[in-house]
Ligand SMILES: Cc1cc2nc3c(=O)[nH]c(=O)nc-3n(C[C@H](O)[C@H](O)[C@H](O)COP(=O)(O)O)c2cc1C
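Presented below, as structure tokens, is a lone chain in the form predicted alone.
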């Protein structure tokens, strides 16, 4: 069994990856996508977007794969060669992003209408990578329907992809439930590489159902991991006894406070002061779905824009700036 942390554009950056890795439970993570559109990016761009590359491509013991997004096989290969020199944990290809702005430029999930292009991309990128550096990919089930899902999976594997993560929805379904986990199993039957299930895993019970329906033991967690930072650990324990018990949630919140402090500190080091408040509110807004304490903190900081005022609220809640470990 493996548990992976999903790439989530605009949400799970290096600061949040560090926080979730500190809590633990993950075998690896995949970075937000690096967009490849018109040029060969210099190494410093990759290192800025994925600073774990300067730390052995790892954070708190969690390896980080770097994801590329683009449509041009040659350009993706050129960029993959630069990335390979930085020794990422693996190189990942994005065929899952449903964002209209990405799809309009020929990237992400819209490419699932073109299995031949997927094959060309995988071949071109695999050709420039060292033999020991794994090439992986994340795909959806198609654009409007699942008619070409098996063709796409086979094209990627034939092109050299050694592992597939399958977000079990089409592009047009976006993030609406349900996830069609049975399609992960269908894909697993036609390719000879590990297949990882992704989509709608919010609880340990969801994880168990997903594995049972998909017939796989490897799962990638996405929004569920951000809402519930201890989800991976509870899955590792093979159950969530008293998962709704208020005493357990209070204990988790106490453990989460220094992690939040570290997240706050890393955000302050990364972004301009005027943007830090928004990033911190973003995670708290999701955490309040599980923790009453996060709801209280979020409601108090919601109207605030100055970090000094937010820090006062944090301190009263036990989240003390400067006390959390950062990368």
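Residue numbers count along the first chain shown, from 1. The model shown is predicted, which means the values in this text are computed figures rather than measured ones.
Keep in mind that the form predicted together with this ligand is missing from the display, and what follows is about it.
Residue stretch of 27-35, 54-62, 258-266, 294-302 approaching this ligand in the model of the complex, non-hydrogen atom distance within 4.5 Å: Heavy atoms within 4.5 Å of this ligand in the model of the complex occur in 27-35.
Interface membership of residue 311, this ligand in the model of the complex, 4.5 Å heavy atom rule: Judged by the heavy-atom cut-off of 4.5 Å, residue 311 is well away from this ligand in the model of the complex.
Proximity of residue 307 to this ligand in the model of the complex, heavy atoms at 4.5 Å: No.
4.5 Å heavy atom contact, residue 320 to this ligand in the model of the complex: Residue 320: no contact with this ligand in the model of the complex.
Close approach of residue 117 to this ligand in the model of the complex, 4.5 Å, heavy atom: Judged by the heavy-atom cut-off of 4.5 Å, residue 117 is well away from this ligand in the model of the complex.
In the model of the complex: members of 168-203 within 4.5 Å of this ligand, any heavy atom: Those in contact are 169, 175, 198, 199, 200, 201.
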